[in-house]
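Coming up is one lone chain in structure tokens, specifically the form predicted alone.
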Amino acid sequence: MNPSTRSPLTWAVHVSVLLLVVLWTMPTAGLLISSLRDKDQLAVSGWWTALATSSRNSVARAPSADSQVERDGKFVISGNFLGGQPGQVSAFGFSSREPAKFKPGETAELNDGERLTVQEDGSFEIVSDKRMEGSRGQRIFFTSATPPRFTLENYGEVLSAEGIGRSFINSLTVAVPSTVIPILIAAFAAYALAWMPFPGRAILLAVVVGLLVVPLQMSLIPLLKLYNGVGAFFGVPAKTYMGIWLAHTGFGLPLAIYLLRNYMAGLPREIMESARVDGASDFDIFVKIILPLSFPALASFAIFQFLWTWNDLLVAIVFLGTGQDQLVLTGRLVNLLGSRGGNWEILTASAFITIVVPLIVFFALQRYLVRGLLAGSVKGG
């Protein structure tokens, strides 16, 4: 279609989609950039200034009088308060009331007759005509401009935290079966509700739709008591992976059955009738025809279920516990933030680690997402 012939509604849709993409992409980009920035720069400026030189005020203390040396009849204490870090001093001072009174290269007269000189590279000298005394060094206030600095140290610090690898494996152990099991059950149930006539099918479908609106928080404790009671009867411990797999299966089944049933009901009836004429059973039709044709709907639900189970914390704590060997990644990062929560570099790196796997799953299956959801929403049997 020629762009000049498109209707205003088409352009409005395109602009709206573009805005939505920007709104969802910008926070993720900001999180990634922040997680790669130097922690000092991250503390004083936003991620949108990551490529600009940042300015910060700081204070350093010169060495004590014990480090002074005699040079040409003068007593000198020298050093560099940038410590080899990249940066450039733009102003300095020796009083908190005037921390930027002097420019680099200027000499400041200290209160006791000593002279302080600071250069742009952070090197300084305190010169005195007589031997200096005192156990504490002179405080030096300075303003420095630091070029952008990106580092992987934040990720190294998070990944080296104790137990983070074990929690990563725990999350995978929870998320993968909790995604596969409800899909397997829901696919059979959806085919039966869509193409196998039996008494009470409409009522059963209405019950499934009704279960979609049951709040998780309301049903969590009754499910836990039921699981513990049944588990005690069969000698199964309370905090096991089996419990959380069954819990996520129960919470995910209504949506899975609803989406898959609507999709399967919209498939051409002639295909199933032709297969039955050729002697195919319902199981043959389901395995050889329905499942291959339903892959977009299966993939779209798999994305939702995996994202939900991977990011879950409440169900994991209730059914799996908070032990060091059972704690999932979200729980481990919560503990890490509790002890290191004041550090933004830890917060951003931890947050990005939690979304890496869901992003990989989403981009791997995203082409089926819209197709599966649209097909399930507009078709009906």
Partner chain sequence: MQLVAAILMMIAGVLACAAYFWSTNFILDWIFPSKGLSGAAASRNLRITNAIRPWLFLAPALFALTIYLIYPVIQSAILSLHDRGGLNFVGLRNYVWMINDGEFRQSIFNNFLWLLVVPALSTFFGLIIAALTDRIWWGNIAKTLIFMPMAISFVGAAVIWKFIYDYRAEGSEQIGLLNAIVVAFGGLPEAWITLPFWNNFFLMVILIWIQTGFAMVILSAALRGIPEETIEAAVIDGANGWQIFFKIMVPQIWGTIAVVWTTITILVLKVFDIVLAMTNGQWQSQVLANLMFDWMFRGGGDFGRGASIAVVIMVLVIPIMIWNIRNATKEMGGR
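The structure presented is a predicted model; accordingly, all values stated were derived computationally and were not measured. Positions refer to the first chain, counted from 1.
Same protein, other form: the form predicted together with the partner chain, not shown, and the subject of what follows.
Undergrad: Taking 4.5 angstroms as the heavy atom distance cut-off, pick the stretch from 206-214, 117-125, 145-153, 91-99 that is near the partner chain in the model of the complex.
TA: That would be stretch 206-214.
Undergrad: Is there a non-hydrogen atom of G79 within 4.5 angstroms of a non-hydrogen atom of the partner chain in the model of the complex?
TA: G79: no, not in contact with the partner chain in the model of the complex.
Undergrad: Quick one: is L313 in contact with the partner chain in the model of the complex, heavy atoms, 4.5 Å cut-off?
TA: Residue-level check for L313: yes, a contact with the partner chain.
Undergrad: Could you confirm whether P268 comes within 4.5 Å of the partner chain in the model of the complex, counting heavy atoms only?
TA: Answer no; every heavy atom of P268 is more than 4.5 Å from the partner chain in the model of the complex.
Undergrad: Taking the partner chain as it sits in the model of the complex, is R166 near enough to touch it, meaning that at least one heavy atom pair lies within 4.5 angstroms?
TA: Contact with the partner chain, yes.
Undergrad: To verify the annotation, which of these, L110, L293, L253, A299, has a non-hydrogen atom within 4.5 Å of the partner chain in the model of the complex?
TA: Exactly one residue meets the criterion: L253.
Undergrad: Heavy atom within 4.5 Å of the partner chain in the model of the complex: which residues of 255-270 qualify?
TA: The stretch 255-270, when checked against the partner chain in the model of the complex, contributes I257, Y258, R261, N262, A265 at the 4.5 Å heavy-atom cut-off.
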